[in-house]
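First comes one chain, alone, set out as structure tokens in the form predicted alone.
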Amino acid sequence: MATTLKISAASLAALFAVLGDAGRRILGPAEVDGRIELKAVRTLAEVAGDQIQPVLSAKETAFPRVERLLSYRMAPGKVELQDYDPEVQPTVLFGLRPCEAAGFNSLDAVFNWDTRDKFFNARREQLTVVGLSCTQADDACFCTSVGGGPGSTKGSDILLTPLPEGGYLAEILTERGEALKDLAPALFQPANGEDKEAMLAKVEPSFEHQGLAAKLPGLFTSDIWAEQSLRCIGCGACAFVCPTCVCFDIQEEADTKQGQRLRCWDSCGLRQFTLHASGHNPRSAQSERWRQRIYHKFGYFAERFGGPMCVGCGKCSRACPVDMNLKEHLTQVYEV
């Protein structure tokens, strides 16, 4: 059962010091060369408070861009194999917006739906997510269309909501959140019935995701995919900033004596993703790759796990070099 408390700005700043003393690494949105990125911070003052989204995704804390799975060395008459355990550090992800925090639910589903992935889970188990409700939004945001919201608690261990008089409502949502609060319980105070909804950004739904999923089977051969993908250059930027994209490739770096096996991010939007060794590519056209991205996130994943593989954060639309706005495209499909 969630517990709602309050914490002042001064107490929140003091909590950063407590977390550092407890050996917790803190990652939060901060300005880096004019961009907002997640980086290691030591104080609340380093956190960029007036931002909608960092450019990149927090998924890298549990699912790195590149990670070594094993290495091997050739020896006379045998192969010496070395497995690797991921390097982990207790980490607090501070100030994640509710959409970004909810992305971890999709990652959890994929990496544990049949066999538990030891690399992902080792990192995930050391993460505590302190979310921050949204008081502003932009034209790329569509969290309310995919089951989220500016104050959604999905994926957060603690959710903070700014209060008009200063300080924050603090919803303690999980055992991890409770453990973090218990490091300095005196910094938290009882809440007095404040209404967090009054503080949240207004994001009107653009479509209804169950209805969208129901339409997709009948649109597979529609011309809409070619029309929407005309601008797409297949760069993969959308996948690499997405909080929920999990496609990866397994690559070998080796010579005649030794090598290592790496897991690297990949994307179904890239031409080589489905290129066979024979030269045949079952998704040779960019329109087919665009269609696959939509069907995977809003059809296939929803059918298997009960909801879309999209949190409506809008990172893909902001990162797109040719200005493809996912919310606009999905609304167009929904209205067909």
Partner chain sequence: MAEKNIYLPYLMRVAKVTDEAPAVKTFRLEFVNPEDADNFDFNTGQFGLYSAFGEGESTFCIASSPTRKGYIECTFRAVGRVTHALAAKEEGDIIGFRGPYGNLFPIEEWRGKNLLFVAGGIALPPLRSVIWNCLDQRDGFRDITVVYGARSVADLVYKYELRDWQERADIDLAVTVDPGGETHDWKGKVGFVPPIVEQLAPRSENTIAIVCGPPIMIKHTLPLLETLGFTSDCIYTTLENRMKCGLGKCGRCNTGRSFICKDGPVYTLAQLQELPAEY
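Positions refer to the first chain, counted from 1. None of the values given here were measured: they were computed from a predicted structure.
The protein also exists as the form predicted together with its partner chain; that form is not presented, and the subsequent description refers to it.
Chemist: Contact check in the predicted bound form: L81, F273 and Y300 versus its partner chain, with a cutoff of 4.5 Å between any heavy atoms. Do all three pass?
Modeler: Heavy-atom distance to its partner chain in the predicted bound form: all three under 4.5 Å.
Chemist: If contact means any heavy atom within 4.5 Å, which of 159-167, 116-124, 206-214, 90-98 contacts its partner chain in the predicted bound form?
Modeler: Result of the contact check: 116-124.
Chemist: Of the residues Q251, Q189, S222, T135, which one places a heavy atom within 4.5 Å of its partner chain in the predicted bound form?
Modeler: Among Q251, Q189, S222, T135, a heavy atom within 4.5 Å of its partner chain in the predicted bound form occurs only for Q251.
Chemist: Just one of V110, L173, A184, A201 has a heavy atom within 4.5 angstroms of its partner chain in the predicted bound form, so which one?
Modeler: The residue in contact is V110.
Chemist: Is it the case that R261, even though its partner is missing from this view, gets within 4.5 Å of its partner chain in the predicted bound form, heavy atoms only?
Modeler: Yes - in the predicted bound form, heavy atoms of R261 and its partner chain come within 4.5 Å of each other.
Chemist: Is D266 part of the interface with its partner chain in the predicted bound form - any heavy atom within 4.5 Å?
Modeler: Yes.
Chemist: Does A40 reach its partner chain in the predicted bound form if we count a contact as any heavy atom within 4.5 Å?
Modeler: Contact with its partner chain, no.
Chemist: Under a 4.5 Å heavy atom criterion, is A179 part of the interface with its partner chain in the predicted bound form?
Modeler: Looking in the predicted bound form, residue contacts with its partner chain do not include A179, since no heavy atom lies within 4.5 Å.
Chemist: Going through 275-300, which residues have a heavy atom within 4.5 Å of its partner chain in the predicted bound form? Please give them in sequence order.
Modeler: Residues within 4.5 Å: L275, H276, A277, S278, H280, P282, R283, E288, R291, Q292, H296, Y300.
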